[in-house]
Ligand code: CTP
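One chain comes next, on its own, written as structure tokens: the form predicted alone.
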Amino acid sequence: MTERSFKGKTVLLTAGPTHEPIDPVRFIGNHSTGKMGYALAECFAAHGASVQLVSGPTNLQAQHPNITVTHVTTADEMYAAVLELVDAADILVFAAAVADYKPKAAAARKIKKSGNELTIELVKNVDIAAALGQRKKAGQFSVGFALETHDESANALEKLQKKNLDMIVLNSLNDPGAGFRHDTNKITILEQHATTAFDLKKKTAVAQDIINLIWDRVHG
């Protein structure tokens, strides 16, 4: 087998959740741990790539010296970071679980408990993968992620097209051992004219499967 080397390639990769502040002590977020994104970063780096990892809040640390980490908290911060790095990247991987919405205005002080209801007005966050898809340069290869609970393939294919992605990695919360808070994942990779399904595996092995297919497409 040909050595799947990414030497000379720069990979821009997002990972983890974003936290959107409600007040100084509360935020809107999700259950993402960043494990899948960090596994991908380590795998790319082990295969020779220079990895620019833009990470939301996680308890993880990158180990490989080829990985440069930019730590962010909110979707706006993540977007600003990727805009700084995208033009130099050959491969874009959007593995972060970016919050879809944020509070319209975060309170400057802790919101005190009062009454039986609290209404928070939300506004939509920037769709980072879609925004970068609009400015993707010739030769850049982009990969998105879709975590779905129903109509999985249809929803993932819609995202593939709308966000101008070359492939999208789909996993379903209906699959035991897949999704957030697991060391394993079960994925299906969808492309415009191909679908490749994989068994449940450790996320380190899943990362290798994803990178193998990216290498095949970039060098095919």
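None of the values given here were measured: they were computed from a predicted structure. Don't overthink the numbering: it's just position in the shown sequence, from 1.
The form predicted in complex with ligand CTP exists for this protein as well; it is not shown, and the discussion that follows is about that form.
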Which is the contacting stretch out of 66-74, 159-167, 182-190, 34-42, given heavy atoms within 4.5 Å of ligand CTP in the predicted bound form?
159-167
Considering non-hydrogen atoms and a 4.5 Å limit, which listed residue (80, 147, 111, 86) is close to ligand CTP in the predicted bound form?
147
Is it the case that residue 96, even though its partner is missing from this view, gets within 4.5 Å of ligand CTP in the predicted bound form, heavy atoms only?
yes
Residue 126 near ligand CTP in the predicted bound form, any heavy atom under 4.5 Å?
yes
Residue-level contact is defined here as any heavy atom of the residue lying within 4.5 Å of ligand CTP in the predicted bound form; does residue 100 satisfy this criterion?
yes
